[in-house]
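The form predicted on its own is given below as one chain in structure tokens.
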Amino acid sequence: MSDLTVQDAKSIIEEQIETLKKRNKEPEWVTELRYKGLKAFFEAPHNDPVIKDPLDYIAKAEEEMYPEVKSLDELPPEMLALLDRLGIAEVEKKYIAGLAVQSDTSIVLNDFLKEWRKKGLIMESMEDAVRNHPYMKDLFMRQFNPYESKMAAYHTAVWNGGVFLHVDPGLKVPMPLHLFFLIQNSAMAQAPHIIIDAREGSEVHLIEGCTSPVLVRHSLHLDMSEVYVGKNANVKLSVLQNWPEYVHTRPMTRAIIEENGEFINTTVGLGTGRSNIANPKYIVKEGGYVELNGIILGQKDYYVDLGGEMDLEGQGARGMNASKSVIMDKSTVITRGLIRAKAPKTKGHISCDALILNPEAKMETYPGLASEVDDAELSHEAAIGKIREEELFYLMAHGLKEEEATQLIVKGFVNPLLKDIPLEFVIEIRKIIEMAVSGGM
């Protein structure tokens, strides 16, 4: 439990707000929203099963910090060995080690972005966006209420970093855009805010990478994403998480999908951190489609609780919530899903599959379907089990060792949900799965 009093916490958050206000030269409406979050923080409910006291993450810890690392040669040998085993290129190693960025948020492909800005693509820091675009006042925090939880309130008060992605009507971006988040301080809450504003008929794919160098301990990643998918627009958001065991992650995602729009949200949790709790929410208008894909790799004694709520509000709206979990060691994985059919001719499906590789691992699934109309088509399915002996026997009879056979089965199990991930990332994901199954992580 934190030693901070309520007054101490209030003073610290106020100081953070004023620091961010001056540093970012924020519009007045942003600062007013921050103070609204501060007020809500002390009134909003808190029911996190793992983080008992959010005050623990308000200030940096008074513990001895690791020395600053300025080159790859100064990284701990075990981390360098891991990166080498993954076959990660030199520049990627620097990103993962937190050496290639100057702050907690880094946007890459700058030359590409400059060229495409002339065509109607804007990708800039959230701090710049709230200054540069007056209409941000109508988008920022439109889908969240700071009073819904202490986590939402704290994010509202001290959000820092993140990105604004805007795509003009009809613009189709031909290649994925990349965004990396790295935590570089111990006992801190990193709270980036992301807004995707895809106008009518546009297409875009954002890949969000999340990691932390081994030099950081006891941290909280508290990001918010607000997605606006315009009429006939197509948006893909792929989140690749590889957090170490001392990071707690609380991603909050909301999306509004307009008429005949499509939003595919894929999360690959290869390293979920000590705990990962999320419950994204989606509103789907007439003819729209939302797809939530989750791949979860439960390790050690990690706690993962991932949900997903879909409101099918327009005629013919559709929603799909699919998850595949590989659960090892003493980890706990909980998957939830709720689809509400509120308009005629809507369709929704929830699918949950899990492979349990250790008798001490735990899996729970809670699908929910609710309809307010009589012609909706809603369904769910779940399959939880272990690798079948005959599958192992078949592969081993063809020359594979048991460990190799297990790796192959696990990779085949998760592969269907990787269809929207670029090949170079799929290769890396498969390597990490191999290492995790063989106990090499």
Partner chain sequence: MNPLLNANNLHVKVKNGGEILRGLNLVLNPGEFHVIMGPNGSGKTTLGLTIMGHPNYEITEGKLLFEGEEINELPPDERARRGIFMAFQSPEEIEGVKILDYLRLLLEKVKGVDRLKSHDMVMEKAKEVWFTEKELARDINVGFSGGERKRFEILQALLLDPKLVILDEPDSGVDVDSLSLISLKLHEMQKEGKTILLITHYGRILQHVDPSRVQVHIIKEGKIVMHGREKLVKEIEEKGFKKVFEECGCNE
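All of these numbers come straight from a predicted model, not from anything done at the bench. Residue numbers count along the first chain shown, from 1.
Just so it is clear, the following notes concern the form predicted in complex with its partner chain, a form of the same protein that is not shown.
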Where does its partner chain sit in the model of the complex: which of 48 to 56, 23 to 31, 411 to 419, 374 to 382, heavy atoms within 4.5 Å?
411 to 419
Using heavy atoms and a 4.5 Å limit, would one call E43 a contact residue for its partner chain in the model of the complex?
no
Considering only heavy atoms, tell me if L38 and its partner chain come within 4.5 Å of each other in the model of the complex.
no
Look up in the model of the complex whether M396 has a non-hydrogen atom within 4.5 angstroms of its partner chain, and give yes or no.
yes
Taking heavy atoms only, is L400 within 4.5 angstroms of its partner chain in the model of the complex?
yes
Give, in sequence order, every residue of 380 to 394 that has a heavy atom within 4.5 Å of its partner chain in the model of the complex, or say none if there are no such residues.
R388, E389, E390, E391, F393, Y394
